[in-house]
Each structure stands twice: as structure tokens, then as C-alpha cells.
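Before any questions on how it binds or moves, here is one chain, the form predicted on its own, in C-alpha cells.
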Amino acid sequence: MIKSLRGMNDILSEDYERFTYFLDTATKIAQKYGYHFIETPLLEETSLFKRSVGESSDIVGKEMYQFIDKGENDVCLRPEGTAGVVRAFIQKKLDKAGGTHRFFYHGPMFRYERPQKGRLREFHQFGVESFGVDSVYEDATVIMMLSDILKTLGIGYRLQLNSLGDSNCMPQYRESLVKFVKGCGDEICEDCIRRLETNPIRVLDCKNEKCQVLYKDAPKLINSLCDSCDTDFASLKKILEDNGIDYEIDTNLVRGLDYYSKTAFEFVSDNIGSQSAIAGGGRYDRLVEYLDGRPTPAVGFAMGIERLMELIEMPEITRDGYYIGAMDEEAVSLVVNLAQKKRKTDKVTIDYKAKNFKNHIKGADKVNAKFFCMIGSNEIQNATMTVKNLEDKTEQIINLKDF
């Protein structure tokens, strides 16, 4: 028997209901904030992610599904969503058009990592990207949108904030951090040794417990911000406070991707074990320029849907639509015709087999129909149908022409 690949799951039954409820909820909220849907390809040039996500990241270094295709192109399945949206933004010349452009997206991403609960090799993300607004108010609004989505889904969270500075304050901080880490000698892990050469700030994101202990007294970027970054971060905190968004400062929060600057944030849950991050994002004003576009301010977030599935509070299920059942074989064709007409205005489920009342009721309950409609030889003769309301249990006979 052929099975699905490790870390790649099917979405069926109750999971599907949760999955679609999440997408419906997140989509409606993003649209309320003025965002528009964008779909990018699952397959992209590998260089897109090497240049954007960064060579120092685990995603590029260890986790990409990368291969040479039949045209001798170096390609990979997308490991995250932002880079593809930025590529589309530049390719469509929106960076040259100016103005504000706000997108939301959802779909599968692929990372070859060790599968665990809520973390798969094929997983689904929902994300938003805002281009053209160089204001901390946009950072705060993106955070508030994400908060609205989680609250609507009934998911509790803690918001963690940090500032990663910019090109004015980062270089000096990087020097002091490298000096501190090198002072730890050969006690740091191999990943941190590699990151010292590629992107030193990523050592703060190391998951090795020994390294975390070593870095406890490392210099904090938040204490080395230039006046502009410090003012922006103070403004961000005040905007969130004014809008009732609680937060905590995490000075080691650097995010897992190289393209972030200034605002960085994560939403974490205490209900999903040690891997507690459920969503995150930040500002990435340099990424469009890195990918050969015009310098464009940008900010966004992404959330892994599988990480949230068990946390979603589903709304109370209400019965909806019609189930039409044939009691006799001669009624089947009539049932099909009636259903096709009724579907112009309502949700309709039918069964092509003639069954007795009890079995049809089971079918109606299975699809959670509100009305059960029954047609047999007597109904055909009289041009009527029996309609039972499965919520209040009332029953009536109506003319077919009135249905």
C-alpha cells in the first residue's frame, strides 16, 4: 500500500472543518483591513530564497526541497511565503508604481525538517505583506490584525516584541556581540560558529540550551538602538497600549529569517508545548532592494495553520441546507432534477439510491441538513413531497411546484 510521505498529511473530516474555518476567519479580517489576495507559485528559483531568507538560516542551510529540473534550473519548493510575494511585487513593477500595496496569501510551504506535533514537512501558512508604508503605525496595525484573528478564533496568546535596529545601529551592536560570543571560546555549538561568519545576531536564536546559558549576559540590541529606532520602538509600544494590546519585551527575539529590521514580534501560546510560537513577523525595509527592486518599506506576518488547529474554538454547529431522498427507484430522477433547481439558492445534498425513511434520516444527520425532503411513489402521484424540519421536528407536505 502506498502511503503519504513522512511529514505530509491529508486534511479530512473535522480537521478540514477547522482548516476552512480558520481560512474564512483570517481572510475576512484581512479584507476588513484593506488587504487583497495574492497567489504565488509553489516552485521558485532557489536563488530567491538564498538571497532573501539568507544563507545563515536553517531553512536555506538544511531544510529546502531543492533540485535541478529538466531544464537544468536550480529550483525549490517554497519554504516560506514572503520572498515569493516580494518577487511578484517587483516582477509586476509595483515597486516602481509607488503607493501602498497590501496582500494576504495562504497555501502550502515545504521544509525538510524533523516532523513533530504541529510541525510538518508540508505545512500551510496564512500571511500578510504591506508595501510602501514607512510608519510604525503600519507595524502596530499588522500586529492588531493578527491579534483580531487569534481572538476571533478563541486562541489565547502572549505577544513578544523586540527591535532589531537598522543600518545605523546594527553594525556597532554586531561588533560587540561577536566579541562577546568569541569570548565564550569553543563552548558554543557548530551552528553558532557558522552564524558568527554569516549573520552573528542569529546566535541569539540558537535552540541549544548550553548556548542560551552562555548568552544570558550578552549585550542587548535594544540597549544599542539609534535615536530613530528607539523613538519608533517607543511609539510602537504606546500605540499598542492605547489600543489595549498587551505585550512583553523579549530581547533575544530575532526571528528565524535574515531579512528583518526594526520591529520584530511573535505571538506565543502556552498550550502547545515547548515550540510555543504560533505566529510572527516584523519589518523588512531592505528586502525589496535586496531582490533588485526599488527601496520599499515593508512589514508583514505569517502563521502556521497546523500549529493552531487544536487551539481553535469552533463555533456552535447549526443545521443548514436540504437533504432530498428517494423512497423508490422511480423517484430518483425527480430528486436529481429538483436538487439541481434548488441549488441555485440553497445547499442541497441527495442520495442516488432509494432507501427507507430511517436510512435517509441518517444521511441527513451526517451532512447536518436542516430540512429532510422525502419523495416516493405516492408523492410522485400527488406531485408533493414531505418536508421535515430536523431542528424543531415539525413536518409538512408541500406541492413540488412550491419547493
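Residues carry their position along the shown sequence, with the first being 1. As the structure is a computational prediction, the values presented were derived from the model and not from experiment.
One more form of this protein exists, namely the form predicted in complex with a small molecule; it is left out here, but the text below deals with it.
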Has each of Ala279, Phe301 and Gly304 got a heavy atom lying within 4.5 angstroms of the small molecule in the predicted complex? yes
Candidate from Leu120, Leu153, Leu159, Leu177 lying within 4.5 Å of the small molecule in the predicted complex - any heavy atom: Leu120
Heavy atom within 4.5 Å of the small molecule in the predicted complex - the one residue of Tyr323, Tyr284, Phe104, Phe89 that qualifies: Tyr284
Mind telling me which stretch in 323-331, 107-115, 187-195, 165-173 gets its heavy atoms within 4.5 Å of the small molecule in the predicted complex? 107-115
Does Arg202 reach the small molecule in the predicted complex if we count a contact as any heavy atom within 4.5 Å? no
Could you confirm whether Leu221 comes within 4.5 Å of the small molecule in the predicted complex, counting heavy atoms only? no
Close approach of Thr82 to the small molecule in the predicted complex, 4.5 Å, heavy atom: yes
Flag Ile143 as yes or no: does it have a non-hydrogen atom within 4.5 angstroms of any non-hydrogen atom of the small molecule in the predicted complex? no
